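This document opens with one chain alone, in structure tokens, the form predicted alone.
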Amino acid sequence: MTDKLREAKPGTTKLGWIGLGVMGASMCRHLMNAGFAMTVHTRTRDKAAPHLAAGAAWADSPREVAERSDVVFTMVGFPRDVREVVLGDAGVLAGCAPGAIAVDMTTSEPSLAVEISVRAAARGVFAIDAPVSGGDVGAREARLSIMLGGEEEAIEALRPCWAAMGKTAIRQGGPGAGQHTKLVNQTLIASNMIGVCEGLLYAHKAGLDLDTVLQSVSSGAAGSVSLTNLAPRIIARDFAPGFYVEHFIKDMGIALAEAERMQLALPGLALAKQLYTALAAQGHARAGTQALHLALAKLSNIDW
């Protein structure tokens, strides 16, 4: 490892965090709890209040965060937000010193990750795309799966940071590889969520006890993280977001665009996106992904 990329250490390495949403707030806090000095920025300053009370410093722009930090993490909503926050005039790269590391943990476009890496390299900055899977629970419990794209040296330098936020952090390849891997993840989840919701609707219509059904099927071949974590929320009619419907639609759209570019047919993913788009049109764009139950129940006129 070069002198510029020594392993990140609490008390020595200064971190910055931009975006304190459903998952980002917990992830940032884990890094602070690990002993890292933290500078934060988010569009709504009130969201940063708990972090500021715990010792984080506030910055008025992403650029200012970068000017104060050795490593800057971003976790925002959409590719357009990534472009503004990272590449804009007041963005992260504008404030990074040579040798700094910029880490985007947003699920975004692989091509944008490559563009960021190229522009970062021109400034002597290392860029990593590091989308995650695990939802709000995984973020709170620091057991996310982190999918990494970028130079191996930069990724290895941040091992203490990955360990503070997740249980798995694997380099998938060069710039954009982390994003491609996350799109694989979202493709797997998309059709699975249809199955979770349809299975519960079937159980309901058949007059079964849903909690008892879950005890049987979740430990068998049908078991999945979505079934274990989200089916109980559906039964309880808890549609609060662990991951927003609108963000899932965004992810599926990116995956389908990449599939079209590769001349790859993904009909299951296309169907899932249509169903989620209908769910958003029904007013549930800011609900959690388990709210797909509502759109599927409506198809069969089930009031549950």
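In this text the structure is predicted, and so the values were computed from the model without any measurement. Start at 1 with the first residue shown and count on from there.
The following text describes the form predicted together with another copy of the chain, which does not appear among the structures shown.
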Which single stretch, out of 75-83, 142-150, 112-120, 94-102, brings residue heavy atoms within 4.5 Å of another copy of the chain in the predicted complex?
-> 142-150
Answer for A164 alone: is it within 4.5 Å of another copy of the chain in the predicted complex, judged on heavy atom distances?
-> no
State yes or no: in the predicted complex, is some non-hydrogen atom of L183 no more than 4.5 angstroms from a non-hydrogen atom of another copy of the chain?
-> yes
Contact between A54 and another copy of the chain in the predicted complex at 4.5 Å, heavy atoms?
-> no
Close approach of A90 to another copy of the chain in the predicted complex, 4.5 Å, heavy atom | no
Heavy atom contacts to another copy of the chain in the predicted complex at 4.5 Å, residues of 216-234 in sequence order | S216, V217, S219, G220, A221, A222, G223, S224, V225, S226, L227
